[in-house]
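Read the single chain below, which is given as structure tokens and is the form predicted on its own.
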């Protein structure tokens, strides 16, 4: 299992016009070293799948005009405002949105990780309009045990997934060392998995990690060592989100002409996240 730099990992494991899953939640633990490399290389993404709450890891790809379709409950910047690229592309009819709620997204990834084509979702979806606006993801099914009808969600299996973890050992096992959000289940659903890490530790150093907080090397196609690589989002316990840099991105991305002029600067940081 190779340790690769971002350019090599993206070239080898993200095919043009395939499906990409990106981890991170809100303004935390976004695999930005890898996302920036996708933008540098101008690789089109047929379907982008996010965590239940995505920010710049989705909006940068969308604003760069690389995404045709997205499955996501939310793309935004929390207290900093709306996601300008996402909003502009949706309003302009250039980005197709497959509406999904947070619970159904998690169930869909769980089904994908287990090789199940669909999974019934808990009651409550009936009270929303989500199935009506997204019939591609939802269907009514009959419970074979009770005969009752309920909603089911189609499974999600991204062709490639990018997530950020804290550490990898020399054998390429990785540990989150943070709350994994839905990143671990997205990783398990991936056909190809690239993990961005902050540092490498000696072999055996992850043996004391709690079950469910690690991923074994046999699931991972490439590890990219990128200290500070989640910038401008933060990484829990290591560095905070950079509100100034996020604000600069938002100001540039609100105007397509301004964004075009600043795109090279936005993605021009090295993979280590130096600023």
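The shown structure was predicted, so the numbers you read here are calculated from the model rather than taken from an experiment. Numbering follows the first chain given and starts at 1.
This protein has a second form, the form predicted in complex with another copy of the chain, left out of what is shown; the following refers to that one.
Peer 1: Want to guess which of 37 to 45, 59 to 67, 244 to 252, 210 to 218 is within 4.5 Å of another copy of the chain in the predicted bound form, heavy atoms only?
Peer 2: Selected stretch: 210 to 218.
Peer 1: Can you tell me whether residue 153 touches another copy of the chain? I mean in the predicted bound form, with a 4.5 angstroms heavy atom cut-off.
Peer 2: Yes.
Peer 1: Should residue 119 be counted as a contact of another copy of the chain in the predicted bound form, where contact means heavy atoms within 4.5 Å?
Peer 2: Residue 119: contacts another copy of the chain in the predicted bound form.
Peer 1: Would residue 194 sit within 4.5 Å of another copy of the chain in the predicted bound form, counting heavy atoms only?
Peer 2: Flag for residue 194 set to no.
Peer 1: State yes or no: in the predicted bound form, is some non-hydrogen atom of residue 71 no more than 4.5 angstroms from a non-hydrogen atom of another copy of the chain?
Peer 2: Residue 71: no contact with another copy of the chain in the predicted bound form.
Peer 1: Would you mind checking 101 to 117 for residues with a heavy atom within 4.5 Å of another copy of the chain in the predicted bound form?
Peer 2: Residues within 4.5 Å: 107, 110, 114, 115, 116, 117.
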